[in-house]
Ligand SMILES: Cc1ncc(COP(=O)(O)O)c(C=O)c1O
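One chain follows as structure tokens, the form predicted alone.
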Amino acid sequence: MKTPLSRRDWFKSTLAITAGATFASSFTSKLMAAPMSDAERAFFDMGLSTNHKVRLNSNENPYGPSEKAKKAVLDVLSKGNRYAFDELEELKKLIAAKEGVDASYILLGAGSGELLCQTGIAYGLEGGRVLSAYPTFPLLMNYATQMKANWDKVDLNDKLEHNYEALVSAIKSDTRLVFSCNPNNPTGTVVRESIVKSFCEEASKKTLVYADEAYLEFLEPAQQQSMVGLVQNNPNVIVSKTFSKIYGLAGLRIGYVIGHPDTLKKIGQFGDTISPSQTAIAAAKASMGDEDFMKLTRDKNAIARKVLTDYLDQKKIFYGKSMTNVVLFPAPKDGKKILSQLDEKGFLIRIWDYQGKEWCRVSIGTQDEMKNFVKAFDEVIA
């Protein structure tokens, strides 16, 4: 039986999150898409500045926002004194039309990250378990475990892809939610649509399925097979998307969840009803449907990514077959040394701990940035 959440319980839970999130104060730590590795903890304890470095550590789009988005932001600044009530509803309707659902199936937030946090709270407070592949983007699970939930993890397969068969098998009677990220962060790997759809259909018979599609638009349009089509008739499937990645609006913070209205009500009670700003809404509206900018980003990203993967091939270093703007591969030497020596050369990357080893996670920058990076990296590991 579900215990109602009291105001006191919510306040205590919020304090728990705050306490758990204060292990580091730099903005870089707040961008972390994984538990901070031992190498990173040692690196940041040195107090090194991240200013004026090539940021290959946070999966940002180096080409955005688009010119249309920039113009929209400037045009809306005069409305910065007004709450965006009407603008939010208008954007909901536009997104709903794009996704083929009613506007009541859309929940907006300041980036999909805010909605992941709200979902983690909503389902973590029920206790039990949350389940995901690992490594993956852990924000939802981190918040759930700060409440009352336990986090069950299923390793990726030997291609660094989600093992969906193992995920279904890992669902227990008290699993409240299972998280899927396809394409996955930190690996950039993609599992074909038929497998993901079968997984969502099977897993949703037992629990809620949260499908994160933050990186879907990095695939070619014909390959962008979303799980949104399952939402209309299945309250146990929700899908999240963001304007942070392909659209280049990470700093403006806007994203959304598509789900059954009752499910969204459960999630939305832990958020602000007018969280996205006027500028974020304007940029999102201007970016939607900007196929030219999305194609530009995809094309340039593929060229720049090939600079890195060609280098890894040359060095015979294994990596996941990334289709997005991030690549994961085993660290060829001590992670702390890689971080500090790359920092000296002006580059920031991530180091992950997985299966008792350290892994380099490198975001894709511009072609020139990647050419300079592989040269610097080669010197570091020599």
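In case it trips you up, residue 1 is the first one in the sequence shown, and so on. Given the structure is predicted, the values throughout are model-derived calculations rather than measurements.
FYI, the form predicted together with the named molecule isn't displayed, but the following is about it.
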item	value
Contact flag, Asn185 vs the named molecule in the model of the complex, heavy atom cut 4.5 Å	yes
4.5 angstroms heavy atom contact with the named molecule in the model of the complex for Val209	no
Contact flag, Thr242 vs the named molecule in the model of the complex, heavy atom cut 4.5 Å	yes
Contact test in the model of the complex: Tyr215 vs the named molecule, heavy atoms, 4.5 Å	yes
Contacting member of Leu108, Leu116, Ala283, Leu177, with respect to the named molecule in the model of the complex [4.5 Å, heavy atom]	Leu116
Heavy atom within 4.5 Å of the named molecule in the model of the complex - the one residue of His260, Arg305, Arg129, Arg253 that qualifies	Arg253
Partner-proximal stretch of 167-175, 85-93, 189-197, 245-253 relative to the named molecule in the model of the complex, 4.5 angstroms, heavy atom	245-253
Contact set, 121-154 vs the named molecule in the model of the complex - heavy atom within 4.5 angstroms	Phe137
